[in-house]
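Only one chain is included here, represented as structure tokens and corresponding to the form predicted on its own.
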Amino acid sequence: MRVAQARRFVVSDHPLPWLLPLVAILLVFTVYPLIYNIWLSFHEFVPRRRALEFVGTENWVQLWNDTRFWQSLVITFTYFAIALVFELVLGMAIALLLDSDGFGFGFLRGVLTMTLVIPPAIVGMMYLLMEDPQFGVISYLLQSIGLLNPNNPILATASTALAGVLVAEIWQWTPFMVLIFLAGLRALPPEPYEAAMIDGASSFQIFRRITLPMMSKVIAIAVLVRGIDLFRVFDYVFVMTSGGPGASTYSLSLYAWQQTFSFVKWGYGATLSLVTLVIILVIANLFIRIAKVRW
């Protein structure tokens, strides 16, 4: 009797059998790591004893007084803001250009996806070679037009290293914004555009008064998704500069990784990771409220 009831329960429309795998995955890969990370932030690994030692709030106090943390936070925000603005503007501009049913435009839209399948570490290696001061094509072009001094390599100069990393980020992820904006543009109704053209509105007026307002929710979601990803930047910085020269490209994620694995400060690394998570959650929720994003 109980076996028959159990079988009926499994094949019935009850939501629990379908939710259990998802709940198990969330518990194993989200809830448990988060709880463990919080617990770890109040401990520190002691190499001579090869054990974790309870240190209370010492890691949190150290974080508040750590100048390198504040410096990496500023660099992360700078990287986040510049990359997001460029990807947003370029993404919208390219999407508007490709919003056509003409011959070849479908192929061009497909080509855009190619950059998204390349691992960021590989893109970082590509641009590391392209920005090499001796044989890099980007360095050669900038030197040939007088914009770059041969004695000041892009990735070895504090004033240009962050820009060199940003070029790789923008090149790879601008097509992501293009595809999202294209999907939104293709879904817009044609009637408002036909009415605007009859009234004699210019292209800029149509874009400002019709396209942008109707695309606001799509833009907000694209900014939210890319913003969260940008704040966790690690691959490009690690591959191209390792945070240098000096600390001019030190991102928050790279600093947390260095403290955890290079300096074997597991507790302090966990603290840095938790602060990064809290900052992302606060910014994301504020943006959702301001932009009125509905899922």
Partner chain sequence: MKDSIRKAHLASVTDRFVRGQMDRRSFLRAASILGLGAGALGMGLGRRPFYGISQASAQEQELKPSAEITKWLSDVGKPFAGTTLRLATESTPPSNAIATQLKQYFEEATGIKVEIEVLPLEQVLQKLTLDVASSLGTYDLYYIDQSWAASFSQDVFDPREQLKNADLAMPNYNIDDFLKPLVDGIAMYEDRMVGVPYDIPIFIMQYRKDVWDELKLPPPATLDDLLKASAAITDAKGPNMYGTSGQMKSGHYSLECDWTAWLWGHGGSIFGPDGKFTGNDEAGLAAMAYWDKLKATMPPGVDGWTWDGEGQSVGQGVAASMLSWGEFFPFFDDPKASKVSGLMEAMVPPKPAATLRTVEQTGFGEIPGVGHQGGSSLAVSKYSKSPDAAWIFMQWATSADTQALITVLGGGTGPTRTSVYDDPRVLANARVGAGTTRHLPVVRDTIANYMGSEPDLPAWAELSSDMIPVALGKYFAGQSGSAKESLDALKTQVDDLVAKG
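Positions refer to the first chain, counted from 1. Bear in mind the structure is a predicted one, so any value in this text is a computation, not a measurement.
Below, we refer to the form predicted in complex with the partner chain, which is not included among the displayed structures.
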| query | finding |
| --- | --- |
| Contact residue in the predicted complex, chosen from Val264, Val61, Val55, Ile228 - any heavy atom within 4.5 Å of the partner chain | Val264 |
| Selected contact from Gln71, Thr115, Gln205, Ser100, since only one has a non-hydrogen atom within 4.5 angstroms of the partner chain in the predicted complex | Gln71 |
| Segment assignment from 145-153, 194-202, 87-95, 165-173: heavy atom within 4.5 Å of the partner chain in the predicted complex | 145-153 |
| Contact of Leu188 with the partner chain in the predicted complex (heavy atom, 4.5 Å) | no |
| Any non-hydrogen atom of Ser248 within 4.5 angstroms of the partner chain in the predicted complex | yes |
| Contact test in the predicted complex: Gly244 vs the partner chain, heavy atoms, 4.5 Å | yes |
| Partner proximity in the predicted complex: Ser253 to the partner chain, non-hydrogen atom cutoff 4.5 Å | no |
